[in-house]
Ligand code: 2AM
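Just the one chain here, the form predicted alone, laid out as structure tokens.
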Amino acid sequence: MMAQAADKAARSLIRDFNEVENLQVSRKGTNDFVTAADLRAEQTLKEELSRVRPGFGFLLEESGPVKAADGRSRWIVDPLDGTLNFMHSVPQFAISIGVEQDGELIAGIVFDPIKDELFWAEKGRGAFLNHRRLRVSARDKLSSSLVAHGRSADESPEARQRFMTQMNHVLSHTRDLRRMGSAALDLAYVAAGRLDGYWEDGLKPWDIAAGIVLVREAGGYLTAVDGSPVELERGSVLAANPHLHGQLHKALAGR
């Protein structure tokens, strides 16, 4: 049901993505267009998911929370994760849908409509890319790893300095870094073993809800960047395979 909803929303996103290049004449014009595309996709997802689970609530990026009729379950939805990529015609963005029940994340999908890749997972049933079972990478040396990162929306001088320091620390310990521009896909790529690790602060629940389930079910390990338990509302994530998580945490701390 999540996959069908995502597929329907993706059709309009793909049409809009193909029009973005024609709007690269003013920042305002492009921003307005992408906002409209985001809202259209969100409305489609809300309608489709409400139809199959009318008792569920929502946490939506654009239109906010909707209380669950059953008081237990909600969809956590990002209709367009990777907005800046979308705006610049970079084909690296996704639809992310997580399911939370009684405060616990139990399922999620991340759908890349350009590559037609559906990453999905359910608690206790594993993680998959389309029909293929996923496992995190088996690399055990940080020096041979490929790690992704994202920049917090916090533009304070302290936050910028912290980000640059973290990046320099990790770059000196790894094979290389990547900044892909979509937290949902970064987590999905960790689950698929394409990336060995990923960290970012300043995220929103809809950025990471589905990805958290994917990484856990693929055998990965997640905490906040400081090593404390990962929490949706806090928005700090450090994800890696079990061999590298501790090494990456130490590198981020400059140790």
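These figures come from a predicted structure and were not determined experimentally. We number the residues from 1 along the sequence you see.
Although it is not shown, the form predicted together with the ligand is what the next lines describe.
Enquirer: Please identify, from 102-110, 67-75, 179-187, 123-131, the stretch that has a heavy atom within 4.5 Å of the ligand in the model of the complex.
Expert: Residues of 179-187 come within 4.5 Å of the partner.
Enquirer: Name the single residue among R175, H88, R151, K141 that comes within 4.5 Å of the ligand in the model of the complex, judging by heavy atoms.
Expert: Looking at the other structure, the residue within range turns out to be R151.
Enquirer: Just one of K204, R194, R216, R40 has a heavy atom within 4.5 Å of the ligand in the model of the complex. Which one?
Expert: Of the candidates K204, R194, R216, R40, K204 is the one lying within 4.5 Å of the ligand in the model of the complex.
Enquirer: Please determine whether T83 contacts the ligand in the model of the complex, using a 4.5 Å cut-off between heavy atoms.
Expert: T83 belongs to the contact set for the ligand.
Enquirer: Contact between E48 and the ligand in the model of the complex at 4.5 Å, heavy atoms?
Expert: Contact with the ligand, no.
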